[in-house]
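Form predicted on its own, single chain, as structure tokens, below.
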Amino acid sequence: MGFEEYKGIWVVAEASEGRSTEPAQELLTVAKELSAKLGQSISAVVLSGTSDDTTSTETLLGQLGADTVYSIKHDLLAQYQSQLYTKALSDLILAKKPNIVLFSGTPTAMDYAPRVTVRIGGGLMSNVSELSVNDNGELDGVKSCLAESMLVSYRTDKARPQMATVRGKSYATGQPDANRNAVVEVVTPELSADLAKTRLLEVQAGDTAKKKLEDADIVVSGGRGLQSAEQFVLVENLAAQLGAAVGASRAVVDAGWRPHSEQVGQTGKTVSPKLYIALGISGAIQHLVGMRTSGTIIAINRDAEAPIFKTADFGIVGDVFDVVPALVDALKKEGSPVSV
């Protein structure tokens, strides 16, 4: 089967409703690696509402490696609707025929990327953490499964485009090159409100005062070793002193002590802060998969045999009820902000 007409590497981003395009910026790092191997150009695709100002995003994507930015704009894209996003992107893919299409593993992309795949007849690798090109010029993906006990490699060698959703924080964002500029092509898709099978009834904003867990430079997480929901104040106090985001293990979330939005791990969020502090967390593999790429990991646990110490850069064998208050007091006396 010949796929010669399919050329180019695409990175897809959504910019409506204040969504961050940082996950797509990370994907440009791997897109440049694939481009160097295949000798194909890089394009970024930005979906947004007509009134959304995407100028700075388009400029940044160009500086990070995109040669072309397809800016898909329509009033009906101002709020996410899977059928509308699917049609807008599918039509452009069918018209341009890219070889590779990459999505960041955001909730929205994980929703509409499979729909796009079915609509255009492509092949999708889901939730991969590593991408490469084999000797045949095909895209290979690697993902973990069975609680990170096994790595699976797979490819889409019988369909084009080759598509993948990529787990967040799998790649670092590169440094923008102010001398690079992308060609921006504004695309107006043919959309109708009748295409949407759902109707948006209400939007409930989250707590904007809290630091976003996945974007924080410092994360302080608590586990079952804190013994109760009330004792989680130790995590909050240390996080407040460090200007950190608060995280939690699955055991804590399952017990109802903390919301799922704070869960770090295989069934929660993947974080990669400069500093990760684990309080009373044993270090089950399901938790480690969500934070092991952190810059520096500090663990505090009274069990000297806890698995977390095998991953931690620094460990304190001690009771969190003694160690954490002393640490908070020391930071208060220091007075200056922590540099990471």
Partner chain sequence: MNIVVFIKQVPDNTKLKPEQLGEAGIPREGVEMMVNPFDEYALETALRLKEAGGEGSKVSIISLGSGSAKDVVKKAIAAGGDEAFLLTDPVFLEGDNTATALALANAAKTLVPDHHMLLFGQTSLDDGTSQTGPKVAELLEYPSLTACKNAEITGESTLKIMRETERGVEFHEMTLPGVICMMKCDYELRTANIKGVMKANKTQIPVKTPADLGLSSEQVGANASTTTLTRLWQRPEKSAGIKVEEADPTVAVEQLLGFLKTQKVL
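Everything numeric in this text was worked out from a predicted model, so none of it was measured. What we label the rigid core is the largest C-alpha set whose atoms superpose within 1.5 Å from one form to the other. Residue numbers count along the first chain shown, from 1.
Keep in mind the form predicted in complex with its partner chain is missing from the figure; the text below concerns it.
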Three-residue site 198, 263 and 292 fully in contact with its partner chain in the model of the complex at 4.5 Å by heavy atom:
yes
Exactly one of 177, 236, 111, 75 comes within 4.5 Å of its partner chain in the model of the complex through a heavy atom, and that residue is 111
Answer key, its partner chain contact in the model of the complex at 4.5 Å (heavy atoms) among 144, 71, 231, 99: the residue is 144
Hey, in the model of the complex, is residue 151 touching its partner chain, heavy atoms inside 4.5 Å?
-> yes
inquiry  = If we define contact as a non-hydrogen atom of the residue within 4.5 angstroms of the partner, is residue 244 a contact of its partner chain in the model of the complex?
reply    = no
Review point. Does residue 203 reach its partner chain in the model of the complex, with heavy atoms at most 4.5 Å apart?
Key: yes
Residue 253 versus its partner chain, in the model of the complex: is there a non-hydrogen atom within 4.5 Å? yes
For its partner chain in the model of the complex, the stretch among 219-227, 91-99, 151-159, 180-188 with residues bearing a heavy atom within 4.5 Å is 151-159
Those residues of 101-123 with a non-hydrogen atom no more than 4.5 Å from its partner chain in the model of the complex are 106, 107, 108, 110, 111, 114, 115, 117, 118, 119, 122, 123
Item checked: Is_shifted residue 295 between the shown form and the other one (CA, 2 Å cut-off, rigid core) -> yes
My question is whether residue 304 is one of the residues whose C-alpha shifts by 2 Å or more between the shown form and the other one, given a fit on the rigid core.
yes
On a rigid core superposition, would residue 218 pass a 2 Å threshold for CA movement between the shown form and the other one? yes
Under comparison with the form shown, the C-alpha atoms of residue 284 and residue 168 in the model of the complex shift by 3 angstroms or more, placing them farther
Checking the C-alpha spacing of residue 265 and residue 168, a student should find that in the model of the complex it changes by 3 angstroms or more, with the atoms farther
